[in-house]
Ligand SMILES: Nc1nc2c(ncn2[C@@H]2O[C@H](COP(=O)(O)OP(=O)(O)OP(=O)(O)O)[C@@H](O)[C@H]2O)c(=O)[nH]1
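First, one chain by itself: the form predicted on its own, in structure tokens.
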């Protein structure tokens, strides 16, 4: 088991949530460090990549930022199928977007991918004066459903990088196929045979 420096892994990450919740703004803030007060609505989905280094591992995120409009909902499974992680985004000033976020969580739970890392992001934390969803409400919902929760602001960059780093830390470490701990429950046991070193 010669570990030369860093391990590298790729992870497909999908963002889901209501139109206007700030999914694209979060991604742009994370990938490019940019924020625009007026962000065009995403059509279908946008694809960006960003690489992070976390605990001896570089994680290349392949980020699918999906459209929030209802008419694109039927396309969503195409993007979240096979994803390693999902961020469900709502706007803390909009109760309807929180209700919609819960629907996305239920939809992902029905897909039955036990290894999916799910994050709930209460975005627009900079608009706390207009808040409709209390922090505790988001936290409680996340706790009940096995998600981790952060309030973020794409505008001020609050917790944006932290959100993606936390996802990277939570990704199943089994993916670089190094050591089998016996706890790795995957429905595709193809990975296991590949660790015949150095061919």
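Positions refer to the first chain, counted from 1. The structure presented is a predicted model; accordingly, all values stated were derived computationally and were not measured.
Not pictured, yet referred to below: the form predicted together with the named molecule.
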One stretch from 38-46, 161-169, 132-140, 56-64 that, in the predicted complex, holds residues within 4.5 Å of the named molecule by heavy atom
38-46
Wondering, does residue 78 line up within 4.5 Å of the named molecule in the predicted complex on heavy atoms?
no
Can you tell me whether residue 126 touches the named molecule? I mean in the predicted complex, with a 4.5 angstroms heavy atom cut-off.
yes
Using a 4.5 Å heavy atom cut-off, state whether residue 13 contacts the named molecule in the predicted complex.
no
Is any part of 7-34 within 4.5 angstroms of the named molecule in the predicted complex by a non-hydrogen atom, and which residues would that be?
18, 19, 20, 21, 22, 23, 24, 25
